[in-house]
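For reference, the chain that follows is the form predicted on its own, supplied as structure tokens.
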């Protein structure tokens, strides 16, 4: 009789429920606690904003602004969540957004109109993701090093393309998406795109074999390999997905700013990682939620908005964000110990 491989056997014992119930019961309980905690933080921030700036914060235009600003980094965070769940990291997302945005707004690209700008942004994003994936999955490079190299080269290439100048968009179809006339039932188009990406990301993670394989690779790559999962190919797909999200985010940023700049996406990698972490995604991999990551994005965007309305310093804002990250991690650890 063939004996089970040690890694696979260990993984089986790890995922087997102690009480014979569903193996997802404890995970769902932890997810509920995290989600409720994040909703509580968001509700508290909304209360603070409403009390400190009742006329400005709760104004419809300001709420639309918060959601619009959250859309760009939110799309990036969805892709980042998948990468972190698999046990990886992507430090190049901000640089990819910058490179995709400037490449898509060159004079030559804009000659092809709306479709040309969108196509270029997405292709550049996926191209960078492909390079990251090949270096990490098949080149054996550590994700931190490979994506750090992409960060440096992406920023450098974006600067070379623009020569340090802002590239203004002249395509009416793109500019029109940022105008109020394009809102659907009072919802900006960028928010609708963010919502669509979130829904697709949730379905992909929770309702497909792709999502299950991503979690398996992050939880125990060797056990996943022994179970028949092509770990290298899965990691390649995950970085392609991250690049796709960066390309979409670049297009949204072009619509929002009406231009392409080599400084676009500055520190997006830190914001996306922080949002995913406070949303319950483990940096070590194997666990994460799209809903939690989206709530993390909304929390950070709301904090930024409240501080801006109250004319508070950026340094204080960063301290507040850091405190929230620490508190979220402590809540995660306490929840994990209780289950």
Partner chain sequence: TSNEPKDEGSDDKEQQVADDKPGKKVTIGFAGPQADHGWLNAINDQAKKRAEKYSDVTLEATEGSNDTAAQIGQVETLINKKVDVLVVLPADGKALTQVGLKAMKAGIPVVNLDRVFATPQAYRCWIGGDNYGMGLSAGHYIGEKLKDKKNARVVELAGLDNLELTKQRSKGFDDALKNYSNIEKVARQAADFTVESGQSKMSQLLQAQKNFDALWNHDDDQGVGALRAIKQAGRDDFLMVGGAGALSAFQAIEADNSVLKATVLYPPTMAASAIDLARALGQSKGVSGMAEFEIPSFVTCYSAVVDKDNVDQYMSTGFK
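These figures come from a predicted structure and were not determined experimentally. Heads up, when I say rigid core I mean the largest set of C-alphas that superpose within 1.5 Å between the two forms. Positions refer to the first chain, counted from 1.
Same protein, other form: the form predicted in complex with its partner chain, not shown, and the subject of what follows.
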Item to complete: Check each of 116, 127, 258, 189 and return the one that places a heavy atom within 4.5 angstroms of its partner chain in the model of the complex.
Response: 258
Response to the item:
As a check of understanding, the residue in 42, 33, 65, 291 with any heavy atom within 4.5 Å of its partner chain in the model of the complex should be identified as 65
Item to complete: Using the partner position in the model of the complex, report whether residue 266 sits within 4.5 Å of its partner chain, counting heavy atoms only.
Response: yes
Item to complete: Answer with yes or no whether residue 179 is in contact with its partner chain in the model of the complex, where contact means some heavy atom within 4.5 Å.
Response: yes
Discussion item. Residue-level question: is residue 163 within 4.5 Å of its partner chain in the model of the complex, judged on heavy atoms?
Written reply: yes
Discussion item. Taking its partner chain as it sits in the model of the complex, is residue 53 near enough to touch it, meaning that at least one heavy atom pair lies within 4.5 angstroms?
Written reply: yes
Discussion item. Which is the contacting stretch out of 165-173, 119-127, 106-114, 240-248, given heavy atoms within 4.5 Å of its partner chain in the model of the complex?
Written reply: 165-173
Worksheet item: Using a 4.5 Å cut-off on heavy atoms, which residues of 290-311 contact its partner chain in the model of the complex?
Response: 305, 308, 309, 311
Worksheet item: For residue 314, is the C-alpha shift between the shown form and the other one 2 Å or more after core superposition?
Response: yes
